[in-house]
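Listed next as structure tokens is one chain, alone, in the form predicted alone.
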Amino acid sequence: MSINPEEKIQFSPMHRLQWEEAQQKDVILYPEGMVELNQSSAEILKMCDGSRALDKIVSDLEEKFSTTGLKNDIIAFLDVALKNGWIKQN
């Protein structure tokens, strides 16, 4: 299973992305537990709001952080997120 670059990406309704004060980081909460995220992963997932496909997520993040060349890293993370059920595509 891998990201289809043409389809919009949405965070899974079965999970919740939120800031966890105790850990001082963003986390994914789900019925079976919690996943702590680094800043990069959290920023990518925040873009997965159902309104963007891959290229838009990449361009928005590259603009936000004034950099280029993030596409391969973003794809690699989104593939993991898709396999773990954190995101979905329609």
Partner chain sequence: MAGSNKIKITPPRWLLAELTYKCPLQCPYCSNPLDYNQHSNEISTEDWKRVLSEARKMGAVQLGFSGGEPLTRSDLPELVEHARELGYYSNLITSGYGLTEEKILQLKEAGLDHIQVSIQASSQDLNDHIAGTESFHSKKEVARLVKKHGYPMVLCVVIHRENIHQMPEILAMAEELGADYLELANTQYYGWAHANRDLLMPTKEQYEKAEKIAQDFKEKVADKMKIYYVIPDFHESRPKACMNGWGTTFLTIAPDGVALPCHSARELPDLNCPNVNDYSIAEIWNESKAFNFFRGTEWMKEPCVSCDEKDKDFGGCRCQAYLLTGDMYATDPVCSKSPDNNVIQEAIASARASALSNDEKPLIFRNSKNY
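Positions refer to the first chain, counted from 1. The model shown is predicted, which means the values in this text are computed figures rather than measured ones.
What comes next is about the form predicted together with the partner chain, which is not displayed.
- Residue contact with the partner chain in the model of the complex: Q18 places a heavy atom within 4.5 Å of it.
- Not displayed here, the partner chain is kept clear of E63 by more than 4.5 Å at the level of heavy atoms in the model of the complex.
- The partner chain is not drawn, but in the model of the complex it has a heavy atom within 4.5 Å of Q23.
- Taking the partner from the other structure, the partner chain in the model of the complex has no heavy atom within 4.5 Å of any heavy atom of A53.
- Residues from 61-81 do not approach the partner chain in the model of the complex: none has a non-hydrogen atom within 4.5 Å of it.
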